[in-house]
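Below you'll find only one chain, the form predicted alone, shown as structure tokens.
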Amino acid sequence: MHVSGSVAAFKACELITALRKNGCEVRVAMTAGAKRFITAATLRSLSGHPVLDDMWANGTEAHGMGHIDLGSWAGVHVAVAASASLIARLAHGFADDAVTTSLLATRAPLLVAPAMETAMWEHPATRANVEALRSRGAHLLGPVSGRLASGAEGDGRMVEVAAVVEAVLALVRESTG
């Protein structure tokens, strides 16, 4: 799981718990922005694994690169509370943090659950970045309409955790045949 810098990052806690209840092993990477909303200690406690929050952190394999370990380990990657920034960096192939490097270092399916303000979601740049990800096979889930962090109502709210769990489990079934 990859957690991005949106206020919806708190939903990662519920998602980790729900995935583990469904028999999934969960390992987490987080952006610097995500750390403004949730701590690595919380995510580690819930997942049972160290959190990758530094792309230069040592991995467990002989090469010592945690982002390579995470990229190759996961059968499915899910980016939650995916900000406009994360979507843009993925669409353009940036590899500037633990999340983007591990997602570029994988061939596993990617599920993206965006979360941002309506104007950001509707911006032509974001729309183009979303289409770029879709054209490369990424699965986008949401966002939905509802109350946003600003208090406004509109599109941009992250989908409910149950929908993400259902989508992850479907991708796991697909990838394992």
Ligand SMILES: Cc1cc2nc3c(=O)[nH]c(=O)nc-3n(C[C@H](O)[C@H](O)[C@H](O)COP(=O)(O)O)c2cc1C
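Throughout, we count residues from 1 along the sequence that is shown. It should be emphasised that the depicted structure is a prediction, and the values quoted were computed from it without experimental measurement.
Quick note: we don't show the form predicted in complex with the named molecule, though the next part is all about it.
Stretch 30-38 is the answer when you ask which of 30-38, 134-142, 104-112, 46-54 has residues with heavy atoms within 4.5 Å of the named molecule in the model of the complex.
Looking at L171, you'd find every heavy atom of it more than 4.5 angstroms from the named molecule in the model of the complex. Contact between V130 and the named molecule in the model of the complex is not found at the 4.5 Å heavy atom cutoff. Taking the partner from the other structure, the named molecule in the model of the complex has no heavy atom within 4.5 Å of any heavy atom of V78. In the model of the complex, the named molecule sits within 4.5 Å of a heavy atom belonging to M120. Along 1-16, a non-hydrogen atom within 4.5 Å of the named molecule in the model of the complex is carried by S4, G5, S6, V7, in order along the sequence.
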